[in-house]
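Single chain ahead, by itself, as structure tokens, in the form predicted alone.
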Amino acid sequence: MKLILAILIAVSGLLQVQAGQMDDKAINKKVQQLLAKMSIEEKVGQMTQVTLQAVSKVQGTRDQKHVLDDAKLEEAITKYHVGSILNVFDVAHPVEYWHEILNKIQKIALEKTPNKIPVMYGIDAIHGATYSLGATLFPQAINMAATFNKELEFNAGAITSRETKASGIPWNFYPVLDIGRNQLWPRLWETFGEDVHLVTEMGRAYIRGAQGDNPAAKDKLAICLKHYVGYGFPMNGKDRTPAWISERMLREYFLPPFEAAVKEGALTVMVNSAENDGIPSHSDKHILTDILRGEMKFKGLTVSDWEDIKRLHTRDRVAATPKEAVKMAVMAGLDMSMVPYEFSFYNLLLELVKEGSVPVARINEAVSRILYVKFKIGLMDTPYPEKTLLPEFASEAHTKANLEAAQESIILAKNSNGILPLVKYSNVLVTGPTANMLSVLNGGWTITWQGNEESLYPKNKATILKAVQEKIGTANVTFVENNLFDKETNTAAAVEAAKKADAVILCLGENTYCETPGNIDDLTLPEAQLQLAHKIAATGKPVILVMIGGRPRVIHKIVPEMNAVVLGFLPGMEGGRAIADVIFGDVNPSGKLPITWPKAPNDLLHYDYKPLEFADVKEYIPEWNFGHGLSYTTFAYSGLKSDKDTYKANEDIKLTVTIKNTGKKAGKETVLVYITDMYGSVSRPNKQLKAFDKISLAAGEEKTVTITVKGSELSFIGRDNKRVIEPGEFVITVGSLTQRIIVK
């Protein structure tokens, strides 16, 4: 993997040199020169984004090829001057067809518009180039977080950008920097988990890989931070529903990942579709202008989410008319509207400008940001798809990187009496609804929006069943199909087959979903699946439960009956192979939970709970805690030391700790550094993750690891909503070791 990473970095560096990046001063000069030539109609058009559906005549499906409507496309670009087009309609396209679409779009923009400004195409390439057929599709974000490996996330970003740009698309609506603080939320799997530090660091790693220091490089693009801000903590757990997050909590938990990403150079931001404290985010000047622009100094463009400016009127009812909704959003600080089906935003904003309700200065500000991004990513100089990247698309090196990410993302949660790894000559029964589908390993935003068109998935990739068959031979595997998620089917046959098997690999979980269609009322796994587990366990044969899905479904009733539990989440196209590798011992599992797995539907708490939440009990014991994950070897920690006992505020803390592999197998261990602020003017969490590292150790090997905790990590948001480091006692915890320090 190190070699693959080195090659990617070297190639990226070469391409960046070739691109010849302009500095911001030169870009801003070009922006102002171009802005001076543009009519108000062209400017408003740059702020308008429509979906491909709006300029198509035939929808792409599994049975028919998508067809552009040339007349509508030309009208969109020449009459309405649209600055951006997005999405697919409605399935992934071959790379060659993407080139055909984008060449046609840019040809019109460059040949038939006054100032020849290219259209910036955007896509949700959230775990690879998801809408380009055959692309390398990585584990989803929740899995990448489970690796606790920033190098793997950097790699995923670099490869995703390379394959998305190979498709000709220069703008990716990713990464998601929402913090998944509600396990019921259907978009939990799009996040890097529940912890501020983990989300921040994985987000930064992705941006460095995907956008890099030179977004104009041939293999880089503009990333888009989603969904600013507070989207991941809805009160009722449903998608696009209200959050009630105080200003202090917003600054403590939800803003830091975005602030770090802005410092990392993020070029675009997509706005939260929902609302907080009664204020829809698309109308919230405080977060869009005061904080994002004033405090964070963000220079790029902000784009609305799907139809959300219009919804200020139709859904949220904070605007009495569609026209008022447009004014409200633009004046709050939105630069581009994902309209997306028609040109109402363009017409209404033009009216508002001409009547003086929206100042031309605000339009110039928004368009300057849009043009800045277009220059920054090199779109103005190289608007057409870059064919030189095509040979790398879905290359063997990319597939190897994908497999390694999937392998490190698999979490071994339970392993009674060392039942795993299974011996390869076992006679195994494989059954359960997630056993023989690729779609469930990938989730939403895969080939189609919901990711549920199994027939469109590549035939050369392995489901869990196929991977197990390849691992131990088809003759050693019995398969009983059980493909219904909420109804029992073939249970009797599965039970009879279990009686004849040496072990059972029981694959349960969720069908694929994305956004609002993934809303559920109860985290408990459907009763049909629980009953299947009960009945198979009653045979007395060893049962290895494999859980697949985007969130932690409650399985407390069956956990005691399972001999082993493997948490797979959404491990991507190589996920079947990765799970088989772990079960049969070709890979020593190293994944750790990036979220807390609850015992009960109302047990939705987090590892960084407040002491008040458990004042009458000794400790919080969920099904599995944040950071939990077993290995086929054991690790011993010793000698935790800080470089001194007393620190000044904001002074970095250097820690050393020795880790020894005390088992008989090589393994990877994630070193998690937690800090507890013993006393504060605001109640402090039980503990918080402040640093992490991942190391590899051969059997019997010992390493002393040095980890630096930034002094700023000891800060929190005080009673006045300002960040502060208060003097006092702090406890550092690494493994079972603790170290006390004083900050003065």
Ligand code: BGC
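Source: prediction; values computed, not measured. The numbering used is simple: start at 1 and walk along the sequence shown.
In what follows, reference is made to the form predicted together with the named molecule, a form of this protein that is not presented.
Within this chain, Asp124 lines the site of the named molecule in the predicted complex, having a heavy atom no more than 4.5 Å away. Interface residue remark: Phe298 is not counted as part of the site for the named molecule in the predicted complex, having no heavy atom within 4.5 Å. Although the partner is absent here, Lys220 lies well away from the named molecule in the predicted complex, with no heavy atom inside 4.5 Å.
Remark: Asn87 counts among the residues lining the named molecule in the predicted complex, judged by a heavy atom distance of 4.5 Å or less. With the partner omitted here, the stretch from 304-312, 245-253, 483-491, 349-357 that lies within 4.5 Å of the named molecule by heavy atoms in the predicted complex is 304-312. Contact with the named molecule in the predicted complex, judged by any heavy atom within 4.5 Å, is made by just one of His227, Lys592, Arg204, Arg369: His227. Of the candidates Phe173, Tyr80, Phe154, Phe233, Phe173 is the one whose heavy atoms come within 4.5 Å of the named molecule in the predicted complex; the others do not.
For the partner-free chain shown, just Arg187 of 175-194 comes within 4.5 angstroms of the named molecule in the predicted complex, judged by any non-hydrogen atom.
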